[in-house]
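Okay, here we've got a single chain as structure tokens, the form predicted alone, with questions on binding and movement later.
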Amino acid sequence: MSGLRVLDVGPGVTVQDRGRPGWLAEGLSRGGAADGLALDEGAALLGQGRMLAALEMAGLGGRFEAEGDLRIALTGAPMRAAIEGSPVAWNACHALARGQELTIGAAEAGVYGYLHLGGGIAREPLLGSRSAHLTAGLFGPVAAGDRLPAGADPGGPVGLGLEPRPRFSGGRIRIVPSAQTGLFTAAERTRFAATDFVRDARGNRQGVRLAHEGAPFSAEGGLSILSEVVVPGDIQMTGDGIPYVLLPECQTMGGYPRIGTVVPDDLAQVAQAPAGARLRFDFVDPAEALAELRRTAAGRAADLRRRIRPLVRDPATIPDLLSYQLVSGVTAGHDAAEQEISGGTAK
């Protein structure tokens, strides 16, 4: 079986897929990729199923050697990448021949980059998933010397690129009310929506801390809330009035009041916001958010396919080829001849 051998790797690299839904009653949160849209983009570039596992790289990649001929795709937070020392495009798919070395550096924007293999990373599932869940001790981080086996790849084109949805520098995030939003006064909710938050450096796959200027946020009766189920996207307000957005490896129960819950399609934007990025939260109607979620989920695969383009365009496929300036610096020749006669150099 083909695959990748890990030569060197950063400290926050794990194998991730869609996670383990359905285990909350047993005390296990879903887990899975911090940026599910990056998994969709990789699947579209390689023309394969969206449930396959990929390598998630938090801030820093590593060096990998191909143990067979592979197709790879690179998505998520853009990182410098090279094959045998030659730079290759991010948000694109490439051929990686047996024995070639792939190098992936630090993130240039965002947090989580993804390396996909044709056929996916095919290690044996555990509780129905190949994802590492570090909090629960399921699998662990990838280390130098590990081998990442590739599944069966039906093959397909490489040299394709895709323009990703912008989500690597913060921005506006949609949230819906939670069961405890009513514990925050209307004035507090208005202030929350009007506040510029800054993604704190403290954060991981469990959640991220949001710093802000001004008074802490408080809920009425917040100290008497019983612990209940929490899910990724919940915005918990801790005892000191600082909000945390929960991510895939969050706990399954919590007693802090929740002012709202991030719409699933926007959660990747929170996870990908680097330290120092600014975030604003907009309350939206739950029914409208659910309808929009269904629409985007139904059309996402087709939309991604439409946005895929060859990295190098074939001139035969460019209808307005003659409108492009294909050669620059062309002259009638008289100026060059005059400079040659006078001993000058044509420019």
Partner chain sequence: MGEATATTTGANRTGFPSLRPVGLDGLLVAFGDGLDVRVQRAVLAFRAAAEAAAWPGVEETAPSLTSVLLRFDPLVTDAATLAEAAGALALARDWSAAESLGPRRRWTVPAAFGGSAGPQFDEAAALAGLSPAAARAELAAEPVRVLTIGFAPGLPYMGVLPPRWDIPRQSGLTPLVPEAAIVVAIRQLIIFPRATPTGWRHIGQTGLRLFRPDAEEPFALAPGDEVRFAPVSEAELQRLIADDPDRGGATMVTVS
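Every value quoted in this text rests on a predicted model; they were computed, and no experiment measured them. Positions refer to the first chain, counted from 1.
One more form of this protein, predicted together with its partner chain, exists but is not displayed; see below.
Of the candidates 297, 302, 311, 51, 297 is the one whose heavy atoms come within 4.5 Å of its partner chain in the predicted bound form; the others do not. Only one of the listed residues (97, 152, 89, 179) places a non-hydrogen atom within 4.5 angstroms of its partner chain in the predicted bound form, and that residue is 179. Although the partner is absent here, residue 68 lies well away from its partner chain in the predicted bound form, with no heavy atom inside 4.5 Å. Put simply, residue 264 is close to its partner chain in the predicted bound form: some heavy atom of it is within 4.5 Å. Put simply, residue 137 is close to its partner chain in the predicted bound form: some heavy atom of it is within 4.5 Å.
In the predicted bound form, residue 219 stays away from its partner chain, with no heavy atom inside 4.5 Å.
Residues within 4.5 angstroms of its partner chain in the predicted bound form, judged by any non-hydrogen atom, belong to 285-293 and to none of the other stretches in 41-49, 285-293, 302-310, 54-62.
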